[in-house]
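Heads up, the chain below is alone and in the form predicted on its own; it's given as structure tokens.
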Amino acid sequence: MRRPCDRCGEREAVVRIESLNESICDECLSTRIWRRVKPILDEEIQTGDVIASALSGGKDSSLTLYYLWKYKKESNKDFEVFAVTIDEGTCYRAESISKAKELTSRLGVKHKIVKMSEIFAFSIPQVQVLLSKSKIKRDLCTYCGVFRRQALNIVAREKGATKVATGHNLDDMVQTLFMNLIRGDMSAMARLFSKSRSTEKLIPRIRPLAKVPEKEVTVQALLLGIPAHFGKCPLVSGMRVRVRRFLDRLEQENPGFKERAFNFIEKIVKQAIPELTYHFELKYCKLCGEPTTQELCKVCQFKQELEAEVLSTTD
């Protein structure tokens, strides 16, 4: 028999929370997570909203969809939820899509699956092959992230969504903050915490799991029996991998570091948001018309970069 829960003392503990020096049971874990998720949903979701839940089929996006479904059932707000899956064309995604289909079927949630190649005329495996033959030093994850974000925004917009919910957990958020810190991109840090203003083409994002550690997400998804793919994408590379390892080491040596770092940076950045975003101007890409802060959006910049490589290899 496992040790009893340090909180209720009634049930067996299922997970150790090192930062609290506690081992807690399934019900206490569920309560702990919901107390972090519900305030975000209370603040971000209004009656009449149409929420597009980005569903990769992984544990984070699957748990996000589950909580949106739960909130819709339990709150007095009348809003809609549907799932959107962007299929990048990788073998990893093929396996996770089957889990996404199972979850949406179980919850009775509408599910839209769109191939990235249908939007941009190429898949991530095709980009991977091209990069392997080119002199471009940018990693594949950078391309994938940029293309996937724009594809998600396009599909959500076409389906009438007023908000897009993503599965970013606390670990993801801290990694992103540190990557922006390394790049010196204070504007990006500010946009992460500032309220997204809905425009004709840009759908605001919400992150229900932003204050839930990845370990707790994993355990909760398993305990709830949520169909999800628990592996990591085998193509992950670049700065995020190094930052994640660095932060994991700090967390192991200083339990609770990630949460403290997130709360500290959030407090500082929110105070500076007016100064950091006063010059921020949303434009529309001259080539594709999608939202951007530059003359050309990142997708079009990357497409030009890749097309130039194709031409250079055929010369």
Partner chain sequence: MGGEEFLPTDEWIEVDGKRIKMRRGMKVSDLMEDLGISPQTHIAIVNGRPAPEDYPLKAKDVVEFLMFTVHKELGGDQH
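Keep in mind that what you see is a predicted model, and the values were worked out from it rather than measured. Numbering follows the first chain given and starts at 1.
Omitted from view is the form predicted in complex with its partner chain, to which the following refers.
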| item | value |
| --- | --- |
| Single option in K211, R157, H111, R191 placed near its partner chain in the predicted bound form, where near means a heavy atom within 4.5 Å | R191 |
| The single option of L181, L131, I119, V241 touching its partner chain in the predicted bound form, heavy atom within 4.5 Å | V241 |
| Non-hydrogen atom within 4.5 angstroms of its partner chain in the predicted bound form for each of T47, K195 and K267 | no |
| Contact test in the predicted bound form: K101 vs its partner chain, heavy atoms, 4.5 Å | no |
| Its partner chain contact at K73 in the predicted bound form, heavy atom, 4.5 Å | no |
| Contact of D42 with its partner chain in the predicted bound form (heavy atom, 4.5 Å) | no |
| Contact label in the predicted bound form: M186 to its partner chain, heavy atom within 4.5 Å | no |
| Contact segment among 121-129, 103-111, 77-85, 161-169, judged by heavy atoms lying within 4.5 Å of its partner chain in the predicted bound form | 161-169 |
| Within 6-32, the residues that have a heavy atom no more than 4.5 Å from its partner chain in the predicted bound form | E12, A13, V14, V15, R16, S23, D26 |
